[in-house]
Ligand code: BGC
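So this first bit is one chain, no partners, the form predicted on its own, shown in structure tokens.
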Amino acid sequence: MFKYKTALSIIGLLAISCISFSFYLPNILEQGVSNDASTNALDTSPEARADSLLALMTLREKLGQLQQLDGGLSKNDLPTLIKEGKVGSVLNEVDTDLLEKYQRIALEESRHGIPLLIGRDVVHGFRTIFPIPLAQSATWNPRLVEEGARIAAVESKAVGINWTFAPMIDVARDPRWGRIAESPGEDPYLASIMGVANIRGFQGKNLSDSGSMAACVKHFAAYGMSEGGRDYNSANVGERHLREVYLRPFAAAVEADAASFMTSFNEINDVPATGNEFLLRGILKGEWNYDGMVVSDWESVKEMIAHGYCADEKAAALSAMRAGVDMEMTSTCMVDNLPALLTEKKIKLSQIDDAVKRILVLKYRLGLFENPYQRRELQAQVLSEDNLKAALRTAEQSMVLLKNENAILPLKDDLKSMAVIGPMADAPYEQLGTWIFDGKEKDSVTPLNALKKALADKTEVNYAQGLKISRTKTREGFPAAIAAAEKSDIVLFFVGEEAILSGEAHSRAHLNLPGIQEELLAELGKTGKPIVMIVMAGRPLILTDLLPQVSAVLYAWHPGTMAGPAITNLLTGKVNPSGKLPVTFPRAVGQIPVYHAHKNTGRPANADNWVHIDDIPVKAWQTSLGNTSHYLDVGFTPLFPFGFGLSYTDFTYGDLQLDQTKMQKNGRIIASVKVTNTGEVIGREIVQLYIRDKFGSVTRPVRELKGFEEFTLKPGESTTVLFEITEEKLAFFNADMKLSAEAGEFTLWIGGHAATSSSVDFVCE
């Protein structure tokens, strides 16, 4: 009896299988070749599940997964397209009810029930806005960066967003470029550390956790090298420089299991990044074995036509697919043209299948098939007290004290009155910074309000806006500002640039304070009152001529929701400034690019061999000018070096030594330095390690950041900081384009910024 029933069961299963095969036969033919459906049914890995689902999909359904559409632009058509399986992802929609509707259609009404990726630019916070990414790098504290990304993920998941287009890890060495605000700065090592911290924060320990979302590292690659600092522009860069500087953070992102990559708008060495097979299939998916998905940037597939690389949308689709783009953002070149390209045998079905599988695997890893909807249980955490405290901590550690003449800061306890002046003192929207689609100015606490609250019982606060916005060019507010200064003991002057003046497509040729803020500063200076200048901006600004006019400068960047309390805590001394510059500050725009890891040249300038323009004799003989690499008018040093930042206390470095001066192959050297807080208040210091390879098969930078440690010391307290030097730290892409360390002589520096002079030498054998 058992055998008889078993036989009937087998016959029944075969019959069902035949019926199923007949049903799907036209679809398989439509695909040209069926996928391998032989996956073990017991294998429940995301890859196996993706293979099983892929085997059932028509070509049109596969193409649907490659398509991302804008929620706002396509709202009327989206329900139908989702039902037909023609959309794999939606971006820029944050209406919780609408997102739930879209996911329900995808799961319950489409043929295969494939959920949607819901994308959003959650760059430095969702509702709780943290400092801009450049400012977060100024903390030199990856723990804070990870915490901020985690909070952003939780708040985003509360409304249904499961994929963020962040972090941006483009190394940026030109402050004219508006998107330097989104960058981790000029150094590939620091960018790698901060990028990985962001990825860990967004993605958590498991992508399927309730508070996790998929990260998307961008922009691949060399976007930060756009010519002249003009957004979307060309980048011409040698392969060695590309690998050592601009690709390094992305390699770290692969190691950190970043869920997705985004291509960049620019072209690299004459080939647009979105169609760059060398980058995407060669390095990312080939050399690095990256198994995640790649999405284009906004219409960057179609924009290859404007680049002059592709004649039409069909050619753009071919280029993107060949290069390795898996999903197209907003434009429809791929979905419209891949069928014809497949028929013409210009692409292979396996290329489409690879792209679809990567997308499906991500959806399985995110747990979207089981939990596709917003996590309502997380909504109580949006703008929670804990989240705001985290934003406050990050803002406090991000701000950099650049000048503090005669220790005018912190403000004295017996201060009777102060003037709060400037267009950024009470600008709740502007302090949030660029790329904050979901931040609300009503949630912001401004410096004016925070100062009034903190000083209400003891200090008179005289406020005058002076200028309505940073770009104002009329002096109508000057009299009130001058009057406020004259009746006050000290002036807090809040200057900078509005949020819209940095970010995407907001490059600037002049980096001075916009409008007539500098004129207002000059007028305030005539009152004779000491001036503390607080700068709120999305990039380094030129401060050279302003420094002599003020007693102190606190560079606050765009600090986010909790800007006011953070600035107040720093000005009053409740918190000691500890931020360090993640990017070099130039003396003048003409000095750009200026960065710490530059080359030496054959005629390097130093303090003894350069000549200022004012010191050149009339009709001087040409050789008398020194013939070194410098500018006659601004010299060769920056205004502030990379890694610089003052404190209300003093740190001294001493007893720099190595445990040995010769490193054997596969060996190591331990470098140590004693750091002491010689001041009167507790302080946090960032100890930085720099190394130079003096001679190599190719020339090396004068200094490269190789490590850093951050810690807090009480007055009089000392600590010994250790750094391990290995071959890995000394490796570079040599003359044969192989990553390896070479024997030779090295110099090592440990100090508080990139211009520190404390050094020792060692040899690698």
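None of these values were measured; they are calculated from a predicted model. Note that residue numbering follows the sequence shown and begins at 1.
Separately, the form predicted in complex with the named molecule exists; it is not shown, and the next lines address it.
Of the listed positions (D121, E244, D693, E146), a single one reaches within 4.5 angstroms of the named molecule by any non-hydrogen atom in the predicted complex, namely D121. Of the residues given (D257, D443, E504, E84), E504 alone sits with a heavy atom within 4.5 Å of the named molecule in the predicted complex.
Looking at 317 to 325, 296 to 304, 485 to 493, 422 to 430, the stretch with residues near the named molecule in the predicted complex, meaning non-hydrogen atoms within 4.5 angstroms, turns out to be 296 to 304. The named molecule in the predicted complex comes within 4.5 Å of no heavy atom belonging to K580. The shortest heavy atom separation between K218 and the named molecule in the predicted complex is within 4.5 Å. Within this chain, M329 lines the site of the named molecule in the predicted complex, having a heavy atom no more than 4.5 Å away. A residue is said to contact a partner when one of its heavy atoms sits within 4.5 Å of a partner heavy atom; I436 fails this definition for the named molecule in the predicted complex, lying far away. Against the named molecule in the predicted complex, the set A597, F640 and W749 makes no contact: no member has a heavy atom within 4.5 Å.
For the partner-free chain shown, F165, R179 of 164 to 179 come within 4.5 angstroms of the named molecule in the predicted complex, judged by any non-hydrogen atom.
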